[in-house]
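Shown next as structure tokens: one chain only, the form predicted on its own.
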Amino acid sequence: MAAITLLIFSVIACLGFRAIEHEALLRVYQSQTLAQTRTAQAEDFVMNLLRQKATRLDAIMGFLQFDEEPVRSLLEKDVDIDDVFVLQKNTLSYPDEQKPLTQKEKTWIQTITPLLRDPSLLYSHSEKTEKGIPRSGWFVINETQEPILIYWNRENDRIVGFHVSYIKLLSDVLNAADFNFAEDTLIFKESGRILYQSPSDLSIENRQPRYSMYLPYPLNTWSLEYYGQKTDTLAVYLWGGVFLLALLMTVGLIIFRLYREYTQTARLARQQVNFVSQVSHELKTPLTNISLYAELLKEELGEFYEDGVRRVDVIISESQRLSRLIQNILTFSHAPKIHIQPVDIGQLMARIVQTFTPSSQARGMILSLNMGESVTESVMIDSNLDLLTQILGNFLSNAEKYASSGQRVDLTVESHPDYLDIHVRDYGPGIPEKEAKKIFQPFYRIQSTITEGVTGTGIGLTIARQLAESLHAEILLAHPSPGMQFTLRLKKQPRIDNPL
């Protein structure tokens, strides 16, 4: 019992801890998933700003004449564009190095010299397609103190590059960014430098990093970091542990109550066994005297009074059967020792009918015997006469006690190739099917009008089943309407080890 209880506690504790651990991991996973989702939103926001600028520059390409005056006018008016270069058949056409240049233009030409020598560098970070070289894209030069962001567009033999104002881009991001994630914090960084924080007045010292990522090219020096409140897994383990402890205490209380009920039932059963044993022991002495004086009476009657001798034989036979019954009651919790011998079923049934007919008639019942069409001759079974008599006698005694209202009991013998059935069928009120499995339990009696006013110990059927098992036989129940049928099924070639 202790081992089973410990096993149950161990299984519950293991499953409970796994459930608590799963809940804690689920909370961490949910926090990380939320951080990834919100960081992706911030990434889309920045990249959309970049795409909007690219769309606007593509539109400028469509109507701008790339001569000196129009380009300079554009640079003066458009704060998004710091500089422009135009390559015509891989030759720089603007700024025109053959004309006087300002210091800013000279610096610009010096900065883009690698691109002038090898324009294919512009395509190195663009996605190649099946159509060949892309028509537009971004290029960034990180060799200067401030990144130089270039958007280029190719049309026929001309390549136009716009130097997008990095300061204006930062300004647009900071002005348009509006992220409010309650008590969580989102930070934009560029090469480790904080560009944006939301909310700006919240310290991240008490926050836990949830997720971080770098933006794609050309802003690959930008990073997004998401900080959230620390996941309170301690509370999950604490409350989960309290619940698990309460569950274990409840299960322990239930097991304790069941164990106490079991011990009380077992103690009551032992008391009943002791009581029946004491009563049975007290009955043995007077029963011995009855048998002794019946034997003496038979000797005195002798041949002068045959009917009297027959009646005395019945007294002797029944007293011997009652003595065996008492002995079985005294030892019903142990397997009885049996002696196997050939038994004539026909003679056995005739003897049982002769014995029970007077008591049945006294209760107004008719006891009929039907040997069945398959039983044409004397059927011999290797079994034990006394035990068979006791089992069938128990069935008939119960029928007399509880089914006398049916006024009839049928004894039927049916022979089959491998076994033989002896049916005892009454026509009384019967037994409810839900009670059928309980009637073989020791000291169990059905609580109904059937048993009112009828004395009994509740161990008759228990002894009958025990005796049947010792003979390798079966007791079967059927519920014909009306009444009840008990069947004793005997194997024709039983394999029984004789202990004597």
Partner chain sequence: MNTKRLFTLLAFSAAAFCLGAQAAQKVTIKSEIASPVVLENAQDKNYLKISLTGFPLEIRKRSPINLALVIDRSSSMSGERIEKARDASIMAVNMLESDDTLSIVAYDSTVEVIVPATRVKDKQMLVEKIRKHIQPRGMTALFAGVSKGLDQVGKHLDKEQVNRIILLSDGQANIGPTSISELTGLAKIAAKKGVAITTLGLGKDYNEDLMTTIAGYSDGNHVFVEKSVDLEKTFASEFNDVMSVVAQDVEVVIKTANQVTPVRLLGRDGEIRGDTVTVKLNQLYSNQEKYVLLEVIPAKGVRAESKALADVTVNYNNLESKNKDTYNESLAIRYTDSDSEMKNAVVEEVLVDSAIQKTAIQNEKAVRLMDEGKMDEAKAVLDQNIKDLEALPVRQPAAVQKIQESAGINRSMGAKMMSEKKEVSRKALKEQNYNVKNQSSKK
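Source: prediction; values computed, not measured. Residue numbers count along the first chain shown, from 1.
One more form of this protein exists, namely the form predicted in complex with its partner chain; it is left out here, but the text below deals with it.
Visitor: Within 4.5 Å, heavy atoms only, which of Leu195, Ile316, Leu297, Leu116 is in contact with its partner chain in the predicted bound form?
Guide: Going through each option in turn, the one that passes is Leu195.
Visitor: Let me know the one among Asn153, Ser165, Ser415, Thr412 whose heavy atoms come within 4.5 Å of its partner chain in the predicted bound form, would you?
Guide: Filtering the options by heavy-atom distance leaves Ser165.
Visitor: Exactly one stretch in 211-219, 342-350, 95-103, 419-427 has heavy atoms within 4.5 Å of its partner chain in the predicted bound form; which is it?
Guide: Selected stretch: 95-103.
Visitor: Do Arg72 and its partner chain share at least one heavy atom pair within 4.5 Å in the predicted bound form?
Guide: Output for Arg72 is yes: heavy atoms within 4.5 Å of its partner chain.
Visitor: Whether Asp82 contacts its partner chain in the predicted bound form should be assessed with a 4.5 Å heavy atom distance threshold; does it?
Guide: Output for Asp82 is yes: heavy atoms within 4.5 Å of its partner chain.
Visitor: Leu121: heavy atom within 4.5 Å of its partner chain in the predicted bound form?
Guide: Although its partner chain is absent here, Leu121 would stay clear of it in the predicted bound form, with no heavy atoms inside 4.5 Å.
Visitor: Leu174: heavy atom within 4.5 Å of its partner chain in the predicted bound form?
Guide: It does: once its partner chain is placed as it appears in the predicted bound form, Leu174 has a heavy atom within 4.5 Å of it.
Visitor: Mind listing which residues of 31-53 have a heavy atom within 4.5 Å of its partner chain in the predicted bound form?
Guide: Counting only heavy atoms within 4.5 Å of its partner chain in the predicted bound form, no residue of 31-53 makes contact.
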